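For reference, the chain that follows is the form predicted alone, supplied as structure tokens.
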């Protein structure tokens, strides 16, 4: 009887186990579902990249992912004749567009950031709105204007691409210039520096990450542009790579291997651009010691 009566007392003295934390269980299950979804999306992203790599070295490439029959002929075809010229045209078109848009954007951003301009607020909103205007509604009127003055060629097309990317570049660079302390400029003016010297030697280097980001945006936008050069460039020898890639698609046969090889080659300048600019973005702003004591 004593042992039987002691059992309930021992059970009563035993510390009660805490209930299961339902919130933590829901958090773990939600995290598991998120990881699964991210893995699925990652696989969907990597699958086309895997096809590009395998098909570019496959002598019998098709639309499916399969073990390749190794060959280098696809890259030779992608770099032969007019295909190589189209890549050079893309470099020229994107480079000219980036230079024009970045220089003009930096000058306009500095004026909007440091000068008293009437209706500056509505003007900035208009600049931001213009960055979202679709090119499809502009390209036909521009085509008529270019056709009338004989500008349907590579460089005028670069000019139009620079104008279309200019609003967003102005807004982006202005935000970085706003972060530069005015004391730095005042110190430079005390040393009798002019406005152009302040912009190029003081504000420009300090806002370099923003200017670099704007330049990358302009280059990538021009590099991947399809509709604008298709309409505004009539000479086939001046067509960029974004248009030339469709030459691998025939009426009865699609050259999948050449498409994959040309796509990989066409992506190399963008990858190099991001690799070279990684150090720029990691550096950020270096303002210490900029103001003379």
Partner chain sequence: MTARPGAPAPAGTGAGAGEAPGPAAAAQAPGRPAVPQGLRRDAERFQWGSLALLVPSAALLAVLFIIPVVYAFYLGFTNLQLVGIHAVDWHFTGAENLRRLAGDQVFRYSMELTLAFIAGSVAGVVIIGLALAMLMQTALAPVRIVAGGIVIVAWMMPAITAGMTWYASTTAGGTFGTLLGLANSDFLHREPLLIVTLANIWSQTGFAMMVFGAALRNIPRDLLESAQIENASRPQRFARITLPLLRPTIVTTVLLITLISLANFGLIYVMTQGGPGNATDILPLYSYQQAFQFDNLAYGALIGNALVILCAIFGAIYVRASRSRA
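Please read all numbers here as calculations on a predicted model, not as lab measurements. Definition used throughout: the rigid core is the maximal C-alpha set that superposes within 1.5 Å between two forms. Positions refer to the first chain, counted from 1.
Just so it is clear, the following notes concern the form predicted in complex with the partner chain, a form of the same protein that is not shown.
- Taking a 4.5 Å heavy atom cutoff to the partner chain in the predicted bound form, the contact residue among 79, 107, 73, 91 is 107.
- Taking the partner from elsewhere, residue 84 is found to have every heavy atom lying beyond 4.5 Å of the partner chain in the predicted bound form.
- Looking at residue 154, you'd find every heavy atom of it more than 4.5 angstroms from the partner chain in the predicted bound form.
- By the criterion of a heavy atom within 4.5 Å, residue 37 is counted among the residues contacting the partner chain in the predicted bound form.
- Using a 4.5 angstroms limit between non-hydrogen atoms, residue 67 is distant from the partner chain in the predicted bound form.
- Contacts to the partner chain in the predicted bound form (heavy atom within 4.5 Å) from stretch 92-127: 100, 104, 105, 107, 108, 110, 111, 112, 114, 115, 116, 117, 118.
- With the core held fixed between this form and the one not shown, residue 67 has its Cα displaced by under 2 Å.
- Relative to the superposed core, residue 237 undergoes a Cα shift smaller than 2 Å between this form and the one not shown.
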